[in-house]
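What follows is a single chain, given as structure tokens, in the form predicted on its own.
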Amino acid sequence: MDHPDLADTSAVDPFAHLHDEAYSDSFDQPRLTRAGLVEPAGRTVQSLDGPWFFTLDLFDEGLRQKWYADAPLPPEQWPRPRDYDASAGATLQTPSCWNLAQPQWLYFEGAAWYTRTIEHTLDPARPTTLLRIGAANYQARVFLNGQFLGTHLGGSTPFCVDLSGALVAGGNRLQIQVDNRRERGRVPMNHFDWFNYGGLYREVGLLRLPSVYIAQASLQLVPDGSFSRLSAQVRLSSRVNASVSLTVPELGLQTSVPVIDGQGAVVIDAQPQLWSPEDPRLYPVEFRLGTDTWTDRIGFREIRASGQQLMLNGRSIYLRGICVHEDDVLLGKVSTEDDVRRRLGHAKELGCNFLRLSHYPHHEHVARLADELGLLLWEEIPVYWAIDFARRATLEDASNQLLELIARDGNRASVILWGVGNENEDSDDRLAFMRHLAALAKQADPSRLVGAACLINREKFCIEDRLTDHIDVIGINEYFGWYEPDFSGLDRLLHSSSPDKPVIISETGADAQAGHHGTVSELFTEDCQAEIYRQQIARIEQAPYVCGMTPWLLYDFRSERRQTVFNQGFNRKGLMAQDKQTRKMAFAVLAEFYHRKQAQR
């Protein structure tokens, strides 16, 4: 395979990289962001999942030595020795987390290179080829045939890169460097409470599209209380004038969306059957521009806050929820559809109508299946603990992650709340940072609520966080009975607070090692965990402004911060053990409460 664009390094000082500590500076731009994200939306995706050549790169030699510029030749044809031979390396299945591929890689944090060949034949009708990566933790740099195409930040959101200008007929060498190092300025930063998996852990594929195509489309119920109007929005790949057809056959709707300078919007009268957890009605929707067809199945519902109540389709709703992490003993952060269905199935057995997807965007399967099964969702970005709120680049990273999440799941009826932060100290820098994110979410998607898991005033024991003035729903993380054994603090908190908007108890719970029993006062026993749930429920149920709860959490999960004899590298607050089969006593306690609340509706 001949790639004339690969660099000729014959005249380069072979030792220059040893002294170059600015080696990565030229690989931070161009940035791959929300602006280039395109959803498959029913279009054919050529899967690139499967084995990729894989090389760990502990010292960043790939960027220092410009591995991507080496012509793909067999060793006998190398003009000088190399430290890297992509086609002779190990292979790693994609999607997967490298931590679980080899025992010695479990705790690896750094860079690794993925390499494979993609075949290309020019199709004049579809000259645009986009590479779509479901997620790569944390930074991904993409190279094709020796050309650097861009870098993406954020470990849990999808991104696209246009390969069209770098493709040649025949075989093309695609390389992706993935770097999962924890850093102070990242989102999340270097200190968090889950396992730092690395790799291309969601699906990778190619979209082949016309020269002008539908980059983004949405269809939502207008949130005006009439339940009789739909808002359609379209963004094209180019700033052109056009007309995009919109069809919803089961509503007898066929109209067009006029597009000016690449953007189009229209409001349409319609009487859809409303989506709800009891009746999760979805409608096939089609947008068409020439030969490009964008399809989806969309539900229509309205969510709003009214005083201290949450209103779904005009009726008050109590959110019977649970927090969930994206973690599996065998798969790590990979979420197969079977795993997601099991997760949602256990939530249903608990009596849940709501899940908080903690603390980062979960796989897109989750929202699509929640649409089908009738589960409401809180989705959030990992603005977690002590983010570098004063750093402009950190805000840009968080903002882009939020916009990518909204672009990906903006048509999912199940998603009712965008979360912009978790347990962040109430400082001036944090307030400015979070206020920006809340406003950004509202601007990008006025049809949903914005919330955050806030802290309480520990002198007054009341809900008092300046951020609450800028969000729709207040989340409160509290662990009375566990980290604070005396429940009188919870009594004071619930009695002293009088918020003017809905409150969700966004976290509460206790660690328990599955199968470990004792008294209700003995830490890490199932008995203690179950009693804490009983005490929590009895108190929370009496607070009229609490409109739901999402206890922490469904399954035990890996967290290397936790190293007691009971934890052994796991957070044990799950209602089920990490095997996702063994139920602890508290599962039945919460299920009894939720089924009772459901019957009272």
Ligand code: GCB
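Counting begins at 1, following the sequence as shown. Note that the structure is a prediction, hence the values are computed from the model and not measured.
Below, we turn to the form predicted together with the named molecule, even though it does not appear here.
- Contact check for Q177: no non-hydrogen atom falls within 4.5 Å of the named molecule in the model of the complex.
- The shortest heavy atom separation between E507 and the named molecule in the model of the complex is within 4.5 Å.
- R34 falls outside the set of residues with a heavy atom inside 4.5 Å of the named molecule in the model of the complex.
- Put simply, Y107 is far from the named molecule in the model of the complex: not one heavy atom of it is within 4.5 Å.
- Each of H359, N477 and W552 is positioned with at least one heavy atom within 4.5 Å of the named molecule in the model of the complex.
- Here the chain stands alone, but in the model of the complex its contact with the named molecule, taken as any heavy atom within 4.5 Å, falls in 568-576 among 568-576, 537-545, 61-69, 41-49.
- The contact residue chosen from D328, E302, D193, D388 relative to the named molecule in the model of the complex is D193, the criterion being a non-hydrogen atom within 4.5 angstroms.
- Screening Y201, Y384, F433, Y114 for any heavy atom within 4.5 Å of the named molecule in the model of the complex leaves a single hit, Y384.
- Residues W552, F557, R562 of 548-563 are found to place at least one heavy atom within 4.5 Å of the named molecule in the model of the complex.
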